[in-house]
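Just one chain is shown here, as structure tokens, and it is the form predicted on its own.
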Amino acid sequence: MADVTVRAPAKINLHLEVLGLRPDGYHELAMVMQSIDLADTLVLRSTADATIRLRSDSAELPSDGTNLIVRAAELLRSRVGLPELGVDITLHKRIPIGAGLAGGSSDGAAALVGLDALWGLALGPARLHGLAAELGSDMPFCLEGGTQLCFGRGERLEPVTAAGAPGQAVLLIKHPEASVSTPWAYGRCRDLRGDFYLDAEADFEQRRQALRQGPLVAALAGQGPLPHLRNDLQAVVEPEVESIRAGLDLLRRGPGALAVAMSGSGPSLFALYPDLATAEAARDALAEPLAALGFDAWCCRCGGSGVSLVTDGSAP
């Protein structure tokens, strides 16, 4: 069949609360994730040689079985029992790498959606979500997108009703030399905050319910002002990474922001604005200090969906 093109959006965390440790060793989380329109693009072409090949316009990314795109393709082919299927995948990379924006997870989710279409598998959302959850905690959200409550490791989704004011946007910044290890960030959180971890399912559920009924979800539904955004990893990473402290301070001094926070385990930072024009005006106002400190910057709309097939020829 013809090539299949898939769009893979990034995400930001509007809330990230570390509740405690699970029996499987992962952290139990209560989050609100939001898609943004900064996106990678995958182009997939079926082949007849039973080989999975990945090429990318980013020299930083591996193209072997350590890449989530290749892992997703191998898992999907294995589960449907059709080892003869092959594919050439071209990745056009726009989401910065290692940025706390789920770029790798979104690419892997896009591979699942694209190959389901390319190979004519018609697996359906439930099976794709199951495969996504096996591959990564953020991948089910990346499939669904929009604005979601995310619980468990992040794979348990609950959509936020009437989510987000129409047209909200972010000014997103990242220092190209900044890097934060996600395992290190969670380990540091455990070292510093472990005495306050919850350990009972009833306590976990109480915190989930507090988030469901709290001021952030109400604000996203248009029923009140936006509260301070909570990110428990920011609380332990910010004191130890100079570029994150400097970037957050800069965004807080910018004009018109509704809220400022770090995304995930960092090092990407964002300020939320009521619309794209206001975000762009803030970027222009901060252009000189952003350049002086070496930050890359993007203005992005908040999005209403996750990975999606491209049918209008507009990508990459």
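Remember, predicted model here, so these are calculated numbers, not experimental data. Numbering starts at 1 and follows the sequence shown.
This protein has a second form, the form predicted in complex with a small molecule, left out of what is shown; the following refers to that one.
Candidate site formed by L19, P23 and F204: none of these residues places a non-hydrogen atom within 4.5 angstroms of the small molecule in the model of the complex. Only one of P183, G222, G120, P83 comes within 4.5 Å of the small molecule in the model of the complex through a heavy atom, and that residue is P183. Note on contacts: among P96, G146, G136, G104, the single residue with a heavy atom within 4.5 Å of the small molecule in the model of the complex is G136. Contact check for R212: no non-hydrogen atom falls within 4.5 Å of the small molecule in the model of the complex. In the model of the complex, the small molecule stays beyond 4.5 Å of every heavy atom belonging to A271. At a distance threshold of 4.5 angstroms between non-hydrogen atoms, R153 is in contact with the small molecule in the model of the complex. The small molecule is not shown here, and in the model of the complex it never comes within 4.5 Å of any heavy atom of A39.
Of the stretches 136 to 144, 109 to 117, 242 to 250, 85 to 93, only 136 to 144 has residues with a heavy atom within 4.5 Å of the small molecule in the model of the complex.
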